[in-house]
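Presented below, as C-alpha coordinates, is a lone chain in the form predicted on its own.
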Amino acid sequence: MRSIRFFLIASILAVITLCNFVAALQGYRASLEEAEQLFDRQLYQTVELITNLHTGHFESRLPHQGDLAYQVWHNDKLVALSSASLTTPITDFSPGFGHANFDGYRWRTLVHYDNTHDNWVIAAERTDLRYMLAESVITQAVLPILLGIPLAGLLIWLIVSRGLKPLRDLSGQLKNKQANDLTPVEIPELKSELAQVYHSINALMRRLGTALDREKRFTADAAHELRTPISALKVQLHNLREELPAENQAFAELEAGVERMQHLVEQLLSLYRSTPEEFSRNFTHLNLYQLAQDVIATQHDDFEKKQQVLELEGEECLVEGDPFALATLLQNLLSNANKYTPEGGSVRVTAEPVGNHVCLKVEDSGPGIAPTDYGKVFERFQRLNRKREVAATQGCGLGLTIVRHIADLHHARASIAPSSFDSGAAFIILFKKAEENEHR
(Lines give C-alpha, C1' and ligand atoms only; values in the text may rest on other atoms or scores of the structure.)
Protein backbone atom coordinates (compact mmCIF):
# COMPACT_ATOMS: atom_id res chain seq x y z
CA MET A 1 0.00 0.00 0.00
CA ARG A 2 2.82 2.39 0.87
CA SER A 3 4.59 1.67 -2.41
CA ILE A 4 1.47 2.55 -4.42
CA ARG A 5 0.98 5.76 -2.46
CA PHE A 6 4.64 6.71 -2.79
CA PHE A 7 4.57 5.95 -6.53
CA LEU A 8 1.48 8.09 -7.09
CA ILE A 9 2.72 11.03 -5.01
CA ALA A 10 6.22 10.92 -6.50
CA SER A 11 4.86 10.63 -10.04
CA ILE A 12 2.39 13.51 -9.67
CA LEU A 13 4.98 15.75 -8.02
CA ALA A 14 7.50 14.88 -10.74
CA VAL A 15 4.98 15.79 -13.45
CA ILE A 16 4.06 19.05 -11.69
CA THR A 17 7.73 19.97 -11.20
CA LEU A 18 8.56 19.16 -14.81
CA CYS A 19 5.61 21.19 -16.10
CA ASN A 20 6.55 24.13 -13.86
CA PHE A 21 10.16 23.92 -15.02
CA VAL A 22 9.18 23.88 -18.69
CA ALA A 23 6.72 26.72 -18.10
CA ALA A 24 9.34 28.73 -16.18
CA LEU A 25 11.93 28.13 -18.92
CA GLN A 26 9.50 29.20 -21.61
CA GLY A 27 8.44 32.18 -19.51
CA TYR A 28 12.08 33.11 -18.96
CA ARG A 29 12.79 33.13 -22.68
CA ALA A 30 9.59 35.02 -23.48
CA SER A 31 10.29 37.53 -20.69
CA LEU A 32 13.81 38.15 -21.97
CA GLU A 33 12.50 38.79 -25.45
CA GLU A 34 9.80 41.10 -24.11
CA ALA A 35 12.29 42.90 -21.88
CA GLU A 36 14.66 43.28 -24.82
CA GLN A 37 11.94 44.91 -26.87
CA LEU A 38 10.91 47.13 -23.95
CA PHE A 39 14.47 48.31 -23.32
CA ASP A 40 15.00 48.90 -27.04
CA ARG A 41 11.90 51.11 -27.12
CA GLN A 42 13.20 52.95 -24.08
CA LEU A 43 16.59 53.40 -25.77
CA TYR A 44 14.86 54.70 -28.91
CA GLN A 45 12.92 57.24 -26.81
CA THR A 46 16.19 58.30 -25.20
CA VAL A 47 17.68 58.94 -28.65
CA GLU A 48 14.63 60.99 -29.65
CA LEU A 49 14.99 63.02 -26.48
CA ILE A 50 18.69 63.68 -27.13
CA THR A 51 17.95 64.60 -30.75
CA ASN A 52 15.49 67.26 -29.68
CA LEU A 53 17.95 68.82 -27.24
CA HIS A 54 19.95 71.95 -28.28
CA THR A 55 23.52 70.80 -28.94
CA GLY A 56 24.94 73.78 -30.81
CA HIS A 57 28.08 74.14 -28.64
CA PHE A 58 30.81 71.57 -28.24
CA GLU A 59 31.08 72.22 -24.53
CA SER A 60 27.44 71.24 -24.06
CA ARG A 61 27.03 68.20 -21.74
CA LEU A 62 23.95 66.23 -20.69
CA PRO A 63 23.78 64.62 -17.23
CA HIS A 64 25.66 61.32 -17.24
CA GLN A 65 23.95 58.06 -16.13
CA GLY A 66 26.11 55.04 -15.25
CA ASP A 67 23.95 52.63 -17.23
CA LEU A 68 23.47 54.97 -20.23
CA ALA A 69 26.04 56.48 -22.59
CA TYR A 70 25.48 58.79 -25.55
CA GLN A 71 27.30 60.96 -28.09
CA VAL A 72 26.23 63.62 -30.58
CA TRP A 73 28.44 64.15 -33.58
CA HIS A 74 28.21 67.03 -36.03
CA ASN A 75 30.48 67.13 -39.09
CA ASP A 76 32.88 64.66 -37.42
CA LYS A 77 32.96 66.82 -34.31
CA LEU A 78 31.74 65.64 -30.92
CA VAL A 79 29.25 68.24 -29.71
CA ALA A 80 27.69 66.32 -26.77
CA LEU A 81 28.62 63.27 -24.70
CA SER A 82 27.70 61.57 -21.44
CA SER A 83 31.23 61.03 -20.17
CA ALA A 84 34.56 62.81 -20.76
CA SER A 85 36.19 59.44 -21.54
CA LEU A 86 33.97 58.88 -24.56
CA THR A 87 35.99 60.91 -27.08
CA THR A 88 35.87 58.36 -29.87
CA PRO A 89 32.76 57.06 -31.61
CA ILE A 90 31.02 54.36 -29.57
CA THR A 91 30.20 52.41 -32.72
CA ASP A 92 30.09 52.82 -36.49
CA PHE A 93 27.85 55.46 -37.96
CA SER A 94 25.33 52.90 -39.25
CA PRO A 95 21.71 53.70 -38.38
CA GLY A 96 19.95 51.09 -36.28
CA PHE A 97 20.52 48.85 -33.29
CA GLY A 98 23.74 47.02 -32.61
CA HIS A 99 26.23 46.04 -29.91
CA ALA A 100 29.57 47.48 -28.80
CA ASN A 101 32.19 46.80 -26.14
CA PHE A 102 33.73 49.66 -24.16
CA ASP A 103 34.35 50.77 -20.63
CA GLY A 104 34.56 47.10 -19.56
CA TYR A 105 30.94 46.20 -20.47
CA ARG A 106 28.80 44.94 -23.29
CA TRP A 107 26.43 47.65 -24.52
CA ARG A 108 23.28 47.74 -26.64
CA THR A 109 23.66 50.63 -29.13
CA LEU A 110 21.33 52.69 -31.29
CA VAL A 111 22.61 55.05 -34.02
CA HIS A 112 20.27 57.76 -35.41
CA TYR A 113 20.94 60.46 -38.06
CA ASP A 114 19.17 63.80 -37.42
CA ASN A 115 18.53 65.39 -40.83
CA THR A 116 17.32 68.63 -39.28
CA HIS A 117 20.55 69.42 -37.47
CA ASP A 118 22.87 67.20 -39.50
CA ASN A 119 23.81 65.33 -36.32
CA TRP A 120 24.61 61.68 -35.59
CA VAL A 121 23.15 60.61 -32.26
CA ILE A 122 24.55 57.47 -30.64
CA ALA A 123 23.04 56.02 -27.44
CA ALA A 124 24.13 52.87 -25.57
CA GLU A 125 22.76 50.91 -22.64
CA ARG A 126 24.48 48.18 -20.62
CA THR A 127 23.13 44.71 -21.49
CA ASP A 128 24.04 43.14 -18.12
CA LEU A 129 21.67 45.52 -16.34
CA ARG A 130 18.94 44.54 -18.75
CA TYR A 131 19.40 40.82 -17.94
CA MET A 132 19.60 41.47 -14.20
CA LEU A 133 16.32 43.33 -14.25
CA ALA A 134 14.64 40.69 -16.42
CA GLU A 135 15.91 37.85 -14.19
CA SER A 136 14.72 39.67 -11.08
CA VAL A 137 11.22 39.96 -12.50
CA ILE A 138 11.18 36.30 -13.58
CA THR A 139 12.57 35.08 -10.24
CA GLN A 140 9.85 36.90 -8.36
CA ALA A 141 7.29 35.24 -10.61
CA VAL A 142 8.78 31.69 -10.44
CA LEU A 143 9.72 31.63 -6.73
CA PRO A 144 6.10 31.33 -5.47
CA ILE A 145 5.61 28.36 -7.82
CA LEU A 146 8.70 26.59 -6.44
CA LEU A 147 7.67 27.30 -2.85
CA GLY A 148 4.21 25.94 -3.65
CA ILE A 149 5.52 22.48 -4.65
CA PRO A 150 5.85 21.24 -1.01
CA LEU A 151 2.32 22.48 -0.31
CA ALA A 152 1.14 20.72 -3.47
CA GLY A 153 2.91 17.56 -2.28
CA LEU A 154 1.08 17.69 1.05
CA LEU A 155 -2.27 18.18 -0.63
CA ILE A 156 -1.54 15.36 -3.09
CA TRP A 157 -0.56 13.09 -0.19
CA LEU A 158 -3.85 13.79 1.58
CA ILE A 159 -5.87 13.28 -1.60
CA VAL A 160 -4.07 10.06 -2.58
CA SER A 161 -4.37 8.70 0.97
CA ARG A 162 -8.08 9.44 0.91
CA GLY A 163 -8.42 7.81 -2.51
CA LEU A 164 -6.57 4.67 -1.37
CA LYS A 165 -8.62 4.29 1.82
CA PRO A 166 -10.97 1.62 0.36
CA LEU A 167 -7.97 -0.40 -0.79
CA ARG A 168 -6.37 0.02 2.64
CA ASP A 169 -9.59 -1.13 4.31
CA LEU A 170 -9.70 -4.18 2.04
CA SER A 171 -6.08 -5.01 2.85
CA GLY A 172 -6.75 -4.60 6.57
CA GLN A 173 -9.76 -6.92 6.46
CA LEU A 174 -7.79 -9.60 4.62
CA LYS A 175 -4.85 -9.24 7.03
CA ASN A 176 -7.04 -9.56 10.13
CA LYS A 177 -8.95 -12.62 8.91
CA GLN A 178 -8.33 -15.86 10.75
CA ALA A 179 -7.08 -18.86 8.81
CA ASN A 180 -10.50 -20.56 9.01
CA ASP A 181 -12.55 -17.41 8.33
CA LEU A 182 -13.72 -17.57 4.73
CA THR A 183 -16.68 -15.22 5.07
CA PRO A 184 -17.08 -12.57 2.32
CA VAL A 185 -15.24 -9.28 2.67
CA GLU A 186 -17.46 -6.25 3.32
CA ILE A 187 -16.44 -2.75 2.19
CA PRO A 188 -18.91 0.03 3.15
CA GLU A 189 -17.66 2.55 0.57
CA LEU A 190 -16.93 0.44 -2.47
CA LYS A 191 -15.41 2.35 -5.37
CA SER A 192 -16.14 1.27 -8.92
CA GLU A 193 -12.42 0.67 -9.57
CA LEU A 194 -12.31 -1.88 -6.72
CA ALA A 195 -15.53 -3.65 -7.64
CA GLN A 196 -13.78 -6.28 -9.77
CA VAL A 197 -11.15 -6.93 -7.09
CA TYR A 198 -13.84 -7.11 -4.41
CA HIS A 199 -15.96 -9.62 -6.35
CA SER A 200 -12.91 -11.70 -7.32
CA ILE A 201 -11.74 -11.96 -3.69
CA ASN A 202 -15.18 -12.96 -2.46
CA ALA A 203 -15.49 -15.50 -5.28
CA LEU A 204 -12.13 -16.93 -4.24
CA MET A 205 -13.32 -17.08 -0.62
CA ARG A 206 -16.38 -19.04 -1.70
CA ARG A 207 -14.30 -21.48 -3.74
CA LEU A 208 -11.89 -21.97 -0.85
CA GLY A 209 -14.79 -22.53 1.53
CA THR A 210 -16.29 -25.11 -0.80
CA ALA A 211 -12.94 -26.88 -1.21
CA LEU A 212 -12.36 -26.86 2.57
CA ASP A 213 -15.82 -28.29 3.24
CA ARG A 214 -15.23 -30.98 0.63
CA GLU A 215 -11.90 -31.85 2.25
CA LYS A 216 -13.50 -32.04 5.69
CA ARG A 217 -16.22 -34.35 4.35
CA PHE A 218 -13.59 -36.52 2.69
CA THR A 219 -11.57 -36.69 5.91
CA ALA A 220 -14.68 -37.63 7.87
CA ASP A 221 -15.59 -40.31 5.33
CA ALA A 222 -12.02 -41.63 5.30
CA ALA A 223 -12.00 -41.74 9.09
CA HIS A 224 -15.22 -43.74 9.05
CA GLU A 225 -13.94 -46.15 6.42
CA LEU A 226 -10.70 -46.68 8.34
CA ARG A 227 -12.32 -47.06 11.75
CA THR A 228 -14.91 -49.59 10.58
CA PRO A 229 -12.56 -52.42 9.57
CA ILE A 230 -10.39 -51.82 12.64
CA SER A 231 -13.43 -52.02 14.88
CA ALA A 232 -14.52 -55.22 13.13
CA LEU A 233 -11.00 -56.62 13.56
CA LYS A 234 -11.09 -55.82 17.28
CA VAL A 235 -14.43 -57.64 17.61
CA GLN A 236 -12.95 -60.70 15.92
CA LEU A 237 -9.94 -60.55 18.20
CA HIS A 238 -12.23 -60.39 21.20
CA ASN A 239 -14.05 -63.51 20.02
CA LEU A 240 -10.78 -65.26 19.22
CA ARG A 241 -9.42 -64.57 22.71
CA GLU A 242 -11.87 -67.10 24.18
CA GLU A 243 -10.56 -69.85 21.90
CA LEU A 244 -6.85 -69.31 22.54
CA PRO A 245 -4.77 -69.83 25.67
CA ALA A 246 -4.44 -66.78 27.87
CA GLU A 247 -0.64 -66.75 27.54
CA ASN A 248 -0.55 -66.88 23.72
CA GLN A 249 2.30 -64.50 22.79
CA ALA A 250 1.39 -64.22 19.09
CA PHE A 251 -2.18 -63.21 19.95
CA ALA A 252 -0.95 -60.60 22.43
CA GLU A 253 1.35 -59.07 19.80
CA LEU A 254 -1.48 -59.10 17.25
CA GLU A 255 -3.82 -57.36 19.66
CA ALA A 256 -1.20 -54.76 20.56
CA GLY A 257 -0.56 -54.15 16.85
CA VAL A 258 -4.26 -53.51 16.20
CA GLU A 259 -4.37 -51.07 19.11
CA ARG A 260 -1.36 -49.23 17.73
CA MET A 261 -2.99 -49.17 14.29
CA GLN A 262 -6.19 -47.66 15.72
CA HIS A 263 -4.23 -45.06 17.66
CA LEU A 264 -2.13 -44.24 14.61
CA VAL A 265 -5.18 -43.80 12.38
CA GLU A 266 -6.87 -41.51 14.90
CA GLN A 267 -3.77 -39.38 15.36
CA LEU A 268 -2.99 -39.11 11.66
CA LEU A 269 -6.56 -38.10 10.89
CA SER A 270 -6.36 -35.52 13.66
CA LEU A 271 -3.05 -34.34 12.25
CA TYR A 272 -4.36 -33.78 8.72
CA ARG A 273 -7.67 -32.29 9.87
CA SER A 274 -5.85 -29.52 11.70
CA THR A 275 -4.75 -26.29 10.10
CA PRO A 276 -1.21 -25.11 10.91
CA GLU A 277 -2.60 -22.38 13.19
CA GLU A 278 -4.83 -24.79 15.11
CA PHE A 279 -2.07 -27.38 15.30
CA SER A 280 0.51 -24.95 16.70
CA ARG A 281 -1.78 -24.01 19.62
CA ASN A 282 -1.14 -27.45 21.15
CA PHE A 283 2.65 -27.18 21.05
CA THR A 284 4.57 -27.95 24.22
CA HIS A 285 8.23 -27.86 25.17
CA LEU A 286 9.79 -31.30 24.79
CA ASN A 287 13.22 -32.84 24.91
CA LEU A 288 13.97 -34.09 21.40
CA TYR A 289 16.81 -36.32 22.64
CA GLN A 290 14.50 -38.02 25.16
CA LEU A 291 11.80 -38.41 22.50
CA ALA A 292 14.34 -40.11 20.22
CA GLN A 293 15.22 -42.52 23.04
CA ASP A 294 11.56 -43.46 23.51
CA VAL A 295 10.93 -43.96 19.78
CA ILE A 296 14.11 -46.05 19.38
CA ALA A 297 13.02 -48.24 22.28
CA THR A 298 9.69 -49.06 20.57
CA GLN A 299 11.32 -49.86 17.22
CA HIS A 300 14.49 -51.54 18.40
CA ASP A 301 13.15 -55.04 17.61
CA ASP A 302 12.85 -54.20 13.90
CA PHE A 303 16.57 -53.41 13.80
CA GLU A 304 17.44 -56.52 15.85
CA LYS A 305 15.73 -58.74 13.27
CA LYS A 306 18.07 -57.42 10.55
CA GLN A 307 21.08 -57.39 12.91
CA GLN A 308 21.51 -53.68 12.31
CA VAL A 309 23.44 -51.40 14.64
CA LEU A 310 21.22 -48.56 15.88
CA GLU A 311 22.99 -45.68 17.64
CA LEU A 312 21.78 -42.54 19.38
CA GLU A 313 24.10 -39.57 19.78
CA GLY A 314 23.73 -35.98 20.95
CA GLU A 315 22.48 -34.26 24.08
CA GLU A 316 19.33 -32.89 25.64
CA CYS A 317 17.76 -30.15 23.52
CA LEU A 318 14.38 -28.44 23.76
CA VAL A 319 12.01 -27.75 20.90
CA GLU A 320 8.39 -26.64 20.69
CA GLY A 321 6.10 -29.16 19.06
CA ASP A 322 3.48 -31.85 19.27
CA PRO A 323 4.88 -35.04 20.90
CA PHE A 324 2.83 -37.47 18.80
CA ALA A 325 3.58 -35.69 15.54
CA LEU A 326 7.32 -35.56 16.22
CA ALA A 327 7.29 -39.21 17.32
CA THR A 328 5.54 -40.10 14.05
CA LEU A 329 8.17 -38.11 12.13
CA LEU A 330 11.03 -40.00 13.78
CA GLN A 331 9.25 -43.35 13.43
CA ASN A 332 8.88 -42.82 9.71
CA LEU A 333 12.54 -41.83 9.35
CA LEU A 334 13.67 -44.89 11.34
CA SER A 335 11.32 -47.17 9.40
CA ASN A 336 12.71 -45.79 6.15
CA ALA A 337 16.31 -46.35 7.34
CA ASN A 338 15.45 -49.87 8.53
CA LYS A 339 13.92 -50.80 5.17
CA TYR A 340 16.73 -49.57 2.96
CA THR A 341 19.71 -50.53 5.13
CA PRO A 342 20.95 -54.07 4.42
CA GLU A 343 21.37 -56.68 7.14
CA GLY A 344 24.29 -55.91 9.40
CA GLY A 345 24.26 -52.25 8.41
CA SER A 346 24.30 -49.20 10.65
CA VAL A 347 21.78 -46.48 11.49
CA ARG A 348 22.65 -43.45 13.58
CA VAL A 349 20.23 -40.93 15.16
CA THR A 350 21.62 -37.59 16.31
CA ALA A 351 19.77 -34.90 18.28
CA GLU A 352 21.88 -31.89 19.19
CA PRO A 353 21.72 -28.08 19.31
CA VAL A 354 23.34 -26.20 16.43
CA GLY A 355 23.47 -22.47 17.12
CA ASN A 356 19.90 -21.20 17.52
CA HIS A 357 18.49 -24.44 16.10
CA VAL A 358 18.14 -28.09 17.03
CA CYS A 359 19.25 -30.65 14.47
CA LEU A 360 17.63 -34.08 14.23
CA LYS A 361 19.55 -36.35 11.86
CA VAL A 362 18.86 -39.94 10.85
CA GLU A 363 21.57 -41.47 8.66
CA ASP A 364 22.07 -44.99 7.39
CA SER A 365 24.60 -47.14 5.54
CA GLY A 366 22.17 -48.13 2.79
CA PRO A 367 22.52 -47.60 -0.95
CA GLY A 368 21.94 -43.85 -0.62
CA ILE A 369 20.09 -41.41 -2.87
CA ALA A 370 21.40 -39.68 -5.95
CA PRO A 371 21.67 -35.89 -5.43
CA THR A 372 19.50 -35.36 -8.51
CA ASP A 373 16.67 -37.18 -6.72
CA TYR A 374 16.79 -35.18 -3.48
CA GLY A 375 13.90 -32.99 -4.60
CA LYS A 376 11.68 -35.98 -5.39
CA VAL A 377 12.07 -37.91 -2.13
CA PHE A 378 9.44 -35.98 -0.16
CA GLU A 379 6.82 -36.11 -2.92
CA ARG A 380 3.76 -38.30 -2.48
CA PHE A 381 3.90 -41.91 -3.70
CA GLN A 382 7.53 -41.52 -4.79
CA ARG A 383 9.63 -44.70 -4.57
CA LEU A 384 12.95 -44.12 -6.25
CA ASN A 385 14.73 -46.89 -8.11
CA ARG A 386 17.55 -47.99 -5.85
CA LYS A 387 19.83 -50.98 -5.95
CA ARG A 388 18.41 -54.38 -6.82
CA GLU A 389 18.75 -55.80 -3.31
CA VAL A 390 16.20 -53.31 -1.95
CA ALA A 391 13.96 -53.14 -5.00
CA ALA A 392 11.39 -55.41 -3.38
CA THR A 393 11.11 -53.32 -0.20
CA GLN A 394 7.52 -52.88 0.83
CA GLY A 395 6.07 -49.40 1.23
CA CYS A 396 3.33 -47.05 0.08
CA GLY A 397 5.43 -43.96 -0.66
CA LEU A 398 3.80 -41.72 1.97
CA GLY A 399 6.21 -41.99 4.90
CA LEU A 400 8.59 -39.22 3.87
CA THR A 401 5.69 -37.06 2.66
CA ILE A 402 4.29 -37.25 6.19
CA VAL A 403 7.75 -36.34 7.51
CA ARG A 404 7.84 -33.18 5.44
CA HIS A 405 4.25 -32.31 6.39
CA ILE A 406 5.05 -32.60 10.10
CA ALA A 407 8.25 -30.56 9.61
CA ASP A 408 6.25 -27.82 7.85
CA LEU A 409 3.73 -27.75 10.70
CA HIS A 410 6.62 -27.17 13.11
CA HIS A 411 8.21 -24.48 10.86
CA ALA A 412 11.23 -26.79 10.51
CA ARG A 413 13.34 -27.41 7.41
CA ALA A 414 13.72 -30.94 6.04
CA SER A 415 16.67 -31.75 3.82
CA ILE A 416 18.80 -34.66 2.58
CA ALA A 417 22.57 -35.06 2.51
CA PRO A 418 25.10 -37.87 2.04
CA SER A 419 25.57 -40.09 5.08
CA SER A 420 28.73 -40.02 7.19
CA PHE A 421 29.03 -43.77 6.57
CA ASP A 422 30.73 -45.12 3.47
CA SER A 423 27.33 -45.13 1.74
CA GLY A 424 23.78 -44.11 2.53
CA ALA A 425 21.69 -41.02 3.05
CA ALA A 426 21.17 -38.60 5.94
CA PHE A 427 17.75 -37.03 6.58
CA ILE A 428 18.12 -33.75 8.47
CA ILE A 429 15.32 -31.86 10.23
CA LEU A 430 16.31 -28.42 11.54
CA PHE A 431 14.05 -27.04 14.29
CA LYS A 432 14.09 -23.69 16.02
CA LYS A 433 15.50 -24.05 19.51
CA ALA A 434 13.12 -23.47 22.43
CA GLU A 435 14.65 -21.40 25.23
CA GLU A 436 14.85 -23.12 28.62
CA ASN A 437 13.61 -20.04 30.50
CA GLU A 438 10.45 -20.09 28.36
CA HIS A 439 9.84 -23.69 29.48
CA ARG A 440 10.08 -22.65 33.10
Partner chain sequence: MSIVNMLRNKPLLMIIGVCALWANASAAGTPVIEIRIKDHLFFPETVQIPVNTKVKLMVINEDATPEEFESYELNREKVIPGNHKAVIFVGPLPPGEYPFFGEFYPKTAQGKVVVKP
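Positions refer to the first chain, counted from 1. None of these values were measured; they are calculated from a predicted model.
The same protein also has a form predicted together with its partner chain, omitted here; what follows describes it.
- Contact annotation: of the candidates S94, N356, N115, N101, the single residue with a non-hydrogen atom within 4.5 angstroms of its partner chain in the model of the complex is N101.
- Proximity to its partner chain in the model of the complex, defined as a heavy atom within 4.5 Å, singles out one entry of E215, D302, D128, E316, which is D128.
- None of the heavy atoms of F251 is located within 4.5 Å of its partner chain in the model of the complex.
- Contact check for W157: no non-hydrogen atom falls within 4.5 Å of its partner chain in the model of the complex.
- Taking non-hydrogen atoms only, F283 never approaches its partner chain to within 4.5 angstroms in the model of the complex.
- Among residues of the shown chain, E36 is one whose heavy atoms approach its partner chain to within 4.5 Å in the model of the complex.
- Of the stretches 198 to 206, 101 to 109, 345 to 353, 289 to 297, only 101 to 109 has residues with a heavy atom within 4.5 Å of its partner chain in the model of the complex.
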